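In the form predicted alone, a lone chain appears below as structure tokens.
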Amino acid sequence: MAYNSIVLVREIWDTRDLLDGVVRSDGQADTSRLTTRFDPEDLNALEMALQVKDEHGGTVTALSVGASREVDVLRESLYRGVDAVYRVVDPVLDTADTSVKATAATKAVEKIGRPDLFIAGLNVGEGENSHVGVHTAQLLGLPRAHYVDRLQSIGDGAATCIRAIEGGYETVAISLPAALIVGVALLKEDPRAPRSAKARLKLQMKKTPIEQWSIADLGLDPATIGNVTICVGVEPVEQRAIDSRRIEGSDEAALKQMIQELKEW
């Protein structure tokens, strides 16, 4: 049996190597000095959907909420083998909180057609309330599994997956249609580790039109879809100064002393 998936993909600020001055005195980032990247957890979610397609057939659709800035995650999704892509773009989304983005994503999923699997990355650096995928799954009324490490099997109206819990792993069966919220892949051999873009698809999909919808196209009124959570102030906390000490690996006495100090601490 073939299964259709919709994957929520997002472009995020690349904060892996913050330059001096990027974080302002008010605690906010100066985004004019940052580049962007494909959210790594969403890449893992996309890989999971593509593996389902490879094994069982069906389609993979990528959905993005918000205008593209530098990295067009939808075109990058096409380069990896998805079948269709859609973008929701509207001025309302420029300063939208998680609930607004999730509402837009929910309407977009319903417009595309409810899938067997809705898959999204676990988290994204867009604010402390940052679980857009989780909120979308809830609005869609889908049963969901969080912190999914891998999809073990799918069939007979259910998906069996292994998810991370405190102190180990848990195997759960979840009825279809369902939502899987996927964590980050840290190792190359991790089953969620994303495949690379294909040169052949880059040539084929370089100029493929990407369909865009506004908030109104989704049947939403921009005047009534305002933010639920609004940041009204930020109080930065001074970073704690950490003393460092260099110890030569050949200095056994110094190493023992350091281990003792760590134990006492």
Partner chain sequence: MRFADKLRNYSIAPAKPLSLMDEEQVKLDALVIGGGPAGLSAACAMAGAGMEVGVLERGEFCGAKNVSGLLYTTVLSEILPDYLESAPLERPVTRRSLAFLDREAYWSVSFGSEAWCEKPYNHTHVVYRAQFDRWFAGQTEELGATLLEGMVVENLLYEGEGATKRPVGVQIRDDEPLYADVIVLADGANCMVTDRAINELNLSRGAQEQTWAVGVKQIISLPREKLEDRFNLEPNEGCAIDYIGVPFEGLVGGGFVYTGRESVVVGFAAKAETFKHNRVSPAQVMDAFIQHPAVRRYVQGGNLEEYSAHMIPESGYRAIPEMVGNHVMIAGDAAGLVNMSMYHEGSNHAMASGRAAGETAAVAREAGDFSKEALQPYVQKLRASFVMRDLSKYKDVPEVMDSVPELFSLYPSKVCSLLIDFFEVSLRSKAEVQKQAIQKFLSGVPKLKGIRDIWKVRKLI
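Everything numeric here is computed off the predicted structure, so don't read it as measured data. Positions refer to the first chain, counted from 1.
In what follows, reference is made to the form predicted together with its partner chain, a form of this protein that is not presented.
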### Task
Name the stretch, out of 90-98, 140-148, 162-170, 106-114, where some heavy atom lies within 4.5 Å of its partner chain in the predicted complex.
106-114
### Summary
Residue within 4.5 Å of its partner chain in the predicted complex by heavy atom, from 216, 230, 203, 223, is 203
### Task
Please run the contact check for residue 59 against its partner chain in the predicted complex: heavy atoms, 4.5 angstroms, yes or no?
yes
### Message
I'd like to check something about residue 82: if you look in the predicted complex, is any of its heavy atoms closer than or equal to 4.5 Å to a heavy atom of its partner chain?
### Response
yes
### Residue contact check: residue 197 to its partner chain in the predicted complex, 4.5 Å heavy atom
yes
### Message
Please determine whether residue 2 contacts its partner chain in the predicted complex, using a 4.5 Å cut-off between heavy atoms.
### Response
yes
### Query
Who in 148-184 is close to its partner chain in the predicted complex, meaning a heavy atom within 4.5 Å?
none
